[in-house]
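What follows are structure tokens for two forms of the same protein chain, given separately as structure 1 and structure 2.
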Structure 1
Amino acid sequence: MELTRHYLIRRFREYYHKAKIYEPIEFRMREWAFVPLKNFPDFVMVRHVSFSEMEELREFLISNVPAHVYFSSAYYLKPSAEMDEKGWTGADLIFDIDYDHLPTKSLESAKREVFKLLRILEKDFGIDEKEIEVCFSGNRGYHVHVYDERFRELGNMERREIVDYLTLRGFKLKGTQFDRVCKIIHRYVRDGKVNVDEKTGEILRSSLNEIRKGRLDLIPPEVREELIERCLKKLVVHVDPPVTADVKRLIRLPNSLHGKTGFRVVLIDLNDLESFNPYVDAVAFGDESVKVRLLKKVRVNFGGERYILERGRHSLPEYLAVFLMCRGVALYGH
């Protein structure tokens, strides 16, 4: 393990020597936290750190070589102080979409949730896309940062209400949640995507305006219930509630490395989100051959290739070797 740790420290340090370090807005008001690679595979966090200049941050990354890098969603008067002395002044609105929380556990499913979230943030909350940033987390999903100052001073309860709106928690046949459902049901009826006979379909289509305004009683009861259930499944956005509700959350720094994969945390242009491929666009290391010893049989899809590797000695492309070492299933060298 010692050789593996030293190898990862060397390669992560070389990455931070060359990488363009992301600078969050209000940089000096952020708390920073790190998990040093020297403790790998243990997860030991160092926090309550602040910097006055970006070069200080780079020097810290090179000197201390973290497995994980975080900055606070919150803005503090004294970011390096203990929590009760920091002087909270506000926080970005952030969302975490992790495929572990989705019905279909894949990064592609997580991306679809991001698109659903973006539509609601822009159309329902009136947030300009220029105030939104989307990042690949480096592992199982995506982070969405909202920098719109209207949301900066919201407390835990108000942020929880935003989560309830997105997840349709406590759904009732009234209010803004109901209005979202009526929009979709209106569309289903208009487009003939309702399981009714032709005569009933014609009656419903003649009542489109009323249905859009909330007159779901015009729809036969058994059909209405099925439609509402379909709409709820379609409209729910699977965000991680505690992340959004937390006004002092730590979130991964874009363009840092994720210590469980070796991937970059990638800030994605919204125009490129559809085509973004983590196994290509987030790869931080090259394809030079690296010798490793696998501790168990491994099956992994990487960069469009399917690898089935038996336990024992292998020479692998560096990006895959680093990934498996970070996962704890491979050791450096033979």
Structure 2
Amino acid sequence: MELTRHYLIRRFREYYHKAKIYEPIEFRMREWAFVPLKNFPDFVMVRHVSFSEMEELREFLISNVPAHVYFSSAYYLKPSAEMDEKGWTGADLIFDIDYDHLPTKSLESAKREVFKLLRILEKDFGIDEKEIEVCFSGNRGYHVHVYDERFRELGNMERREIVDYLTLRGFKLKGTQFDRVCKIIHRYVRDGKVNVDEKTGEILRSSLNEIRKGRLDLIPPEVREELIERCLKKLVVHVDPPVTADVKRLIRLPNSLHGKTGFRVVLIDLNDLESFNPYVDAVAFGDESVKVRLLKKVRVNFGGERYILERGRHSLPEYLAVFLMCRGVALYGH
């Protein structure tokens, strides 16, 4: 383990030497937190840190080489003080989409959720895309940061309302989201995608316009319930509620490394989001061969490439070796 730890520290340090380190707005008002690699594989968090210069942050990263780096979504007058004395002045609006919380557990479906979220943030919440940043989290999903000042001072109850808007909690078939429901149902009826007998279908089609305007009472109750259910499944944006509601959340620093995968937390240009492929775009290490010992048989799906690796000695491309070491299933050296 000693060797593995040293190897990871060396490789992460080299990364932070060269990396373009991300500078959040209001840099000095952020709290920072780190999980140093020196305790690897233990997770020990050092928090309540603050910096006044970017250079200080870089020096910190190079000398303390963290497995994980976080900064606060919140802005504080005294970011390094105790929680009660920090002087909270506001926080970015953040969203976490993790594929663990999705009906289909894949990064691709997480990306679809991000698109759904962005659309609502822009159309409904009127947030300019310039105020939005999307990051690959480095592991199982995406983070969306909203820097729009108008949302900064919202408390947790207010943010919870935004989550409810996205997840349709407390939805009573009214408002903009209801309009969307009607639009989808209208489309289903028009395209004959409703499971009813011919006669009912005929009647429904004759009242298409009314349905579009919200007259769902024209649809027989059982069919209506099922249709609404279908629409809701389509419309819900699966964000992780507590992350958005928390006004003092720590969130991963873009361009830092994720210590459980070795992946880079990538800030993604919205135009590139569709084509973003973490197995290409978030790989931080090269492919020169590295000797490792696997502690057990592993199956990994690394960007479409499936590896089934037996327990024991292997020479693997660096990115995969780092990934397996971070995961705790491989040790460095033969």
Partner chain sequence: MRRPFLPILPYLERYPFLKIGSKLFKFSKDEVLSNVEKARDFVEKVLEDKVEFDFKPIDFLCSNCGIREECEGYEGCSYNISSAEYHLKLSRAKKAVLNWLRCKVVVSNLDEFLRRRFAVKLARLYRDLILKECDDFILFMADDFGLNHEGFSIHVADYLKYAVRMKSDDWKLVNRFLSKGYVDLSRNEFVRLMEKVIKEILMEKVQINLNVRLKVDFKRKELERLPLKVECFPECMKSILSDLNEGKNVPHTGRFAIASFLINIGYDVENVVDVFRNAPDFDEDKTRYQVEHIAGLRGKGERYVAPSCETMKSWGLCVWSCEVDHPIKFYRRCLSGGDKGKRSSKRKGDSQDYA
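Throughout, residue numbering runs from 1 along the sequence of structure 1. Remember, it's a predicted structure, so these values are computed and weren't measured experimentally. Here the rigid core means the biggest group of C-alpha atoms that line up within 1.5 Å when the two forms are laid on top of each other.
Note that the form predicted together with its partner chain is the one shown as structure 2, not structure 1. Fitting the two forms on the rigid core leaves the C-alpha of Asp191 displaced by at least 2 angstroms between the two structures. Core-superposed comparison between the two structures: CA of Lys213 displaced by 2 Å or more.
Val236 is not among the residues whose C-alpha shifts by 2 Å or more between the two structures once the rigid core is aligned; its shift stays under 2 Å. Once the two forms are overlaid on the core, Cys182 shows a Cα shift of 2.4 Å between the two structures.
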